[in-house]
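The data below hold one chain only, encoded as C-alpha cells and taken in the form predicted on its own.
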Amino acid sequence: MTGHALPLRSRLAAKGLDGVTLMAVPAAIFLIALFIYPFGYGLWLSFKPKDGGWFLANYVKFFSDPFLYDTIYTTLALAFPVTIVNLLFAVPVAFRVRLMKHQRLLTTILVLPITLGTVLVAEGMLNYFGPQGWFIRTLVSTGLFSPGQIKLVNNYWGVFISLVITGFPFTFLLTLSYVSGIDPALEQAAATLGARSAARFRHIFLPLLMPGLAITFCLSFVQAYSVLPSAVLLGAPAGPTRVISIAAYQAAFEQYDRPMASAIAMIMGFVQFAVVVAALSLRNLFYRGPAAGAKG
C-alpha cells in the first residue's frame, strides 16, 4: 500500500458487507420489529403472572384446567382434517388445471374465496346454510329431511366447511406451483416404458412432490390452526368449537389477563411448531435428491 486508506466501501466489502448484503437490512429490521421482538416480549410476559407467584404459574394453570387444555385437542381436531381434505382436493385439481388451455382463468376462479375474507364467507354461509337458508330449505322441500334434522352452522361442520372454503385456494396455489415445476418429459418417458397413470403418479410425481406437499401441509395447517372468526361466527365458541385462539382472546380482552393470554399464545405456537417439525421430518422418508424433475 502507498499509505492511502482504502475507501469505506472497499473495507466494508472485505468484511462481507457489500451492497447486496446491505439490501437485506430493511428485511432484517422488519423481521425484528414485527416478529422477534413481539415473540420475545410475549414469552417474557407469559412468565409474569398477573397475581404474582411462580413464574410458570400461567402454564400450570392452563394444563391443570380441562376447560383450557382441551382447546388444544379441539383445535387439532379442526386443523388436521381441514388440512388433509384441502390437500386431497388440491392435488388432483392441480394436476388437471396444469393441462388446461385457460389455466389462468380457472385459477383465478378457484382462488376467488381468498379475496372474500373469512367474515364475508361466514356471513354467506349463515345466509345459505342457516336454518332458513335456501340450501337447507331445498333439502327439506324434497321430503327426505325434516326441519331441524340438518344443521350446517353453529357447530363443528360450519367451521370445517368455512376453513375448507377459505383454505383450499391457498393450498391449491401452492400445490399447482409444485406440480407445474415437474418436467412432463419424466411422465412421458415412463408412459413410453409402459407405466400406467397410477404407477407414474406413485413412482415419479409423488416422490418429487412430497417435499413441496410437506411445506404446503405446514402452511395450510398453521392457517387452519389459528382459526378465530369462523369458530365464533359459524361454530359454538362455548362448546365444540372453543379453539385455543378463543381461550387466548378471552384471557386478554375479557379477563384482562395479558400474561395468561401470552402463555396461551406461546402454547399455541409450540403446538404448531411441533407439528411443523414432525411434518418436515417425515418428508425425509421420500426423495431427497436434487430437483432434477424441474422444468428447464
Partner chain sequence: MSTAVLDTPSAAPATPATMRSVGSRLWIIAVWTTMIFFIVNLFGIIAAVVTSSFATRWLRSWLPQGWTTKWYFSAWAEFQLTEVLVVTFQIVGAVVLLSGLIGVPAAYALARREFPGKKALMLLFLLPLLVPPVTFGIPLATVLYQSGLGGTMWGVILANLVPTVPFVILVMIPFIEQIDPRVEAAARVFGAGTLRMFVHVLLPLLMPGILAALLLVLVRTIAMFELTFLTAGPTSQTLVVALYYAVFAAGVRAVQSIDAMAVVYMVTTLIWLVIALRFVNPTQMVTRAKRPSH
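For clarity, a rigid core is taken as the largest C-alpha set superposing within 1.5 Å between two forms. Positions refer to the first chain, counted from 1. Values in this document were obtained by computation on a predicted structure and should not be read as measured data.
Beyond what is shown, the protein has a form predicted together with the partner chain; the following relates to that form.
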Any chance Thr21 has a heavy atom within 4.5 Å of the partner chain in the predicted bound form? yes
Report yes if any heavy atom of Leu213 sits within 4.5 Å of a heavy atom of the partner chain in the predicted bound form; otherwise report no. no
When the contact criterion is heavy atoms within 4.5 Å, does Ala79 count as touching the partner chain in the predicted bound form? no
I'd like to know if Phe217 sits close to the partner chain in the predicted bound form, meaning any non-hydrogen atom pair within 4.5 angstroms. no
Considering non-hydrogen atoms and a 4.5 Å limit, which listed residue (Val111, Val85, Ile150, Ile72) is close to the partner chain in the predicted bound form? Val111
Residues in 219-239 that come within 4.5 Å of the partner chain in the predicted bound form by at least one heavy atom, in order, are Leu219, Val222, Ser226, Leu228, Pro229, Val232, Leu233
After a core superposition, would you say Ser141 shifts its C-alpha by at least 2 Å between the shown form and the other one? yes
